[in-house]
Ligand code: HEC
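Quick setup: one chain, the form predicted on its own, written in structure tokens, and binding and motion questions come after.
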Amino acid sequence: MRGSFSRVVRRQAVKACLTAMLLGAMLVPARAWAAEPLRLCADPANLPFSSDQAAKPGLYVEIGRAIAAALGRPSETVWSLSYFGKRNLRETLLAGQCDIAVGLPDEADFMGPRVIFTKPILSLGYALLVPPKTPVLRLDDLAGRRVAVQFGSPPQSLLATRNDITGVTALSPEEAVQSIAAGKADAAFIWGPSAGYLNQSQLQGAWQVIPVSGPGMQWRAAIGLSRKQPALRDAVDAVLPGLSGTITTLAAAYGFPAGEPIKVGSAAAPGAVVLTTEDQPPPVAPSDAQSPDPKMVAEGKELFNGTCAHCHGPDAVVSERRINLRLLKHRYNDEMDQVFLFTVTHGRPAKGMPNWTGIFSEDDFTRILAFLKTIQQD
């Protein structure tokens, strides 16, 4: 009897142990998911947005970490250079190497249905960098001043219509601020996040950063995810309202211009510049075409195939009509040169086209354009 009871107790003990093991095994995936890091796609050298510097990780990295904390997950940063725009996202976000990319343009057609977006988290655009206590409520207030602008940018096109404002061309926001520091310019009209950050890091925060509204001057940024992650997108959207104050504080810490953009035609208000329709630039007449130099064409072809071919195909041969650079002349006729130079020096964020300023020189752009002119189709 005693032995029989002992066997029953042992069987019950074994059953209880197996049950506990089974329940434990069933709980492992849930615990493992909760412990999985939220992987953030980021550029290691793109301040004020992202950086691999521990002391100054950049706004997008800090936002990513705040989202991970709100989701109860650790964070992990997957570094990759963002020069190649959509190609970079295909090799990281869409390849499953990371989970979220902060700061993508909130455009429904950005990379088609492959990328889905959260609610917008930021408004980004151009801004004026002017001396302290300088009243600037409209473009007329810049009359008689030298204003540094980035080559090929909307501000440069805008100031080109004003005979009373002297434009000082720069190849980057950094160069524009250097022109100010060297006394070659009285103000700068550049990308707002760069204006604010450079004001902090190089001008000791002494200058005013005034956001500018108008066509082509402002964009909304959101967080992008692979379309395979709708549940994660919804989870991020759920925590974003609680992080709005944190995001605002972080943006201010990196010098991002504050305030809602003012639409064209609205009344002027302190802290924003209103651009009227009369301020918008007319089409620029193209220069007379010249026969390209064979050596220049060969060098342009080499440059193109070394970088641009990743998206636009070797020798610009590609099946997607919308990115077929052999149709530039067909699309833009006499404005082909102007459109090309504007696009490569300003980028098209909503389409995944990066700004190549600082990567290529002006001579490089001229060589690439010379090559493209030789392969145009009707």
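The structure presented is a predicted model; accordingly, all values stated were derived computationally and were not measured. Heads up: residue numbers just count along the shown sequence, starting at 1. Basically, rigid core = biggest C-alpha set you can superpose within 1.5 Å across the two forms.
Beyond what is shown, the protein has a form predicted together with heme C (HEC); the following relates to that form.
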item: Heme C (HEC) contact in the predicted bound form: His330, any heavy atom under 4.5 Å; value: no
item: Heme C (HEC) contact in the predicted bound form: Ala69, any heavy atom under 4.5 Å; value: no
item: 4.5 Å heavy atom contact, Cys308 and heme C (HEC) in the predicted bound form; value: yes
item: Touches heme C (HEC) in the predicted bound form: Arg348 (any heavy atom, 4.5 Å); value: yes
item: Heavy atom of each of Arg322, Trp356 and Ile368 within 4.5 Å of heme C (HEC) in the predicted bound form; value: yes
item: Displaced residue check between the shown form and the other one: His330, CA, 2 Å or over, core reference; value: yes
item: C-alpha of Gly300 moved at least 2 Å between the shown form and the other one on rigid core; value: yes
item: Cα displacement of Thr343 between the shown form and the other one reaching 2 Å, rigid core superposed; value: yes
item: Residue pair Pro215, Tyr332 - Cα distance in the predicted bound form, closer or farther (3 Å or more); value: farther
item: Direction of the Cα shift between Val149 and Tyr332 in the predicted bound form, where the change is 3 Å or more; value: farther
